[in-house]
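Take a look at this single chain in structure tokens; it is the form predicted on its own.
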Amino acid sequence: MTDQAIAGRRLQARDNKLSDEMFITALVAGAAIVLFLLASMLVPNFFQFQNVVNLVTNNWSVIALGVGVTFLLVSGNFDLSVGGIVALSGVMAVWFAQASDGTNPLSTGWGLPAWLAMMGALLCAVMIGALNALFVVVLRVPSIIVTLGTMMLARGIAQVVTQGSQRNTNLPSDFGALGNMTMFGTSIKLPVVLMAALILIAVFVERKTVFGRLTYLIGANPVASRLSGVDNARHVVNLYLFSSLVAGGVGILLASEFKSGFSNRGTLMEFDALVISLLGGVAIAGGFGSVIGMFFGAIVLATVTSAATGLVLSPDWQFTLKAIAVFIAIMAQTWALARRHSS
């Protein structure tokens, strides 16, 4: 066989392979299945269909946050402000909706209709996203520093409004409707359905639109994208606004579900959103990853957490298991990609 024929066969074999992103996604999905089966052997009554459903429904908020975080990571940027935005938007929604004739400061609000209060809270969330964009895009401050700062700013405002506690009284009767509405005659709540819709839309945008392709291009090579006529700054601004909008929606839905604005709600959610993105194969340097991979990363993390709870491990050990899972996942992905490219 000639050298040209051998080279041709190698090229054809490479073309027939899955893309690296699909390969990593399949790897993470496989890991999720293996972990679930392993947990089923270790934890009594774990192997049940309801447990599979619970892995998604109990983690809808982190998965939703992971969508915005994933898009930004793919573009080469961080967003660690989402947990603070969850707290801020929930607190502001409650404060805006509380009646103005309360008996104490924590039961006194603006007296707005529930829908208008939620719109106002969403605007507050987007303002944090705009602040992120201002510092990252215009002032060129590293995104990890900016979003850590805005995360503390958002949570600090929530602490001031709640006086370090929570607001949960003097609310209109329809405030809790959105977060507790069930769908399709089942126990599945509206927030879970909205999360699923968000995942589907995000996958479509990621795979089938110019916006999604540009996100990958900016993350992989921002200089080349700029020389190609792409407005990198505007694109990243839109991504930060989108991420803050999602985080604001999550905070409002959680506030509606529990009928309270709690300043510590969303604590560490920003790190969980980052972790599930990394578990799903998103490159921290940008230009690589997928929303579907992030989703399976969330299932991996949820399985580890649920199994640890079932084994009655202390919270300290649960954090340790999460850390071990992240290290193993990232090393396994790196090793698998290296083997794949060397073959």
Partner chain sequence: MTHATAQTGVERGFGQRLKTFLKDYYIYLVLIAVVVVLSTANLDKFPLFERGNFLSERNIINILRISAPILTLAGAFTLLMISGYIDLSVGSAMSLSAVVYAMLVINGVPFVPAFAATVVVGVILGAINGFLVIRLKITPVIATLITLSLYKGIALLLVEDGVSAIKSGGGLKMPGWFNDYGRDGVLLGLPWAFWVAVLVTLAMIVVQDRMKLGKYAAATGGNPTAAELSGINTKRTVITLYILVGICAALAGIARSSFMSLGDPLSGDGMELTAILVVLLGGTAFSGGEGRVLKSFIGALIIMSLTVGMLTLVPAYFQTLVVGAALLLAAASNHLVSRKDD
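Positions refer to the first chain, counted from 1. As the structure is a computational prediction, the values presented were derived from the model and not from experiment.
One more form of this protein, predicted in complex with its partner chain, exists but is not displayed; see below.
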{"property": "168, 177 and 188 each touching its partner chain in the model of the complex (heavy atom, 4.5 Å)", "result": "no"}
{"property": "Option touching its partner chain, based on a heavy atom within 4.5 Å in the model of the complex, out of 56, 307, 31, 278", "result": "278"}
{"property": "Option touching its partner chain, based on a heavy atom within 4.5 Å in the model of the complex, out of 253, 72, 117, 146", "result": "146"}
{"property": "Non-hydrogen atom contact residue 160 with its partner chain in the model of the complex at 4.5 angstroms", "result": "yes"}
{"property": "Residue 135: touches its partner chain in the model of the complex, heavy atom cutoff 4.5 angstroms", "result": "yes"}
{"property": "4.5 angstroms heavy atom contact with its partner chain in the model of the complex for residue 330", "result": "yes"}
{"property": "Contact test in the model of the complex: residue 150 vs its partner chain, heavy atoms, 4.5 Å", "result": "yes"}
{"property": "Which of 192 to 200, 136 to 144, 91 to 99, 241 to 249 lines the interface with its partner chain in the model of the complex (heavy atom within 4.5 Å)", "result": "136 to 144"}
{"property": "Residues within stretch 39 to 60 having a non-hydrogen atom within 4.5 Å of its partner chain in the model of the complex", "result": "none"}
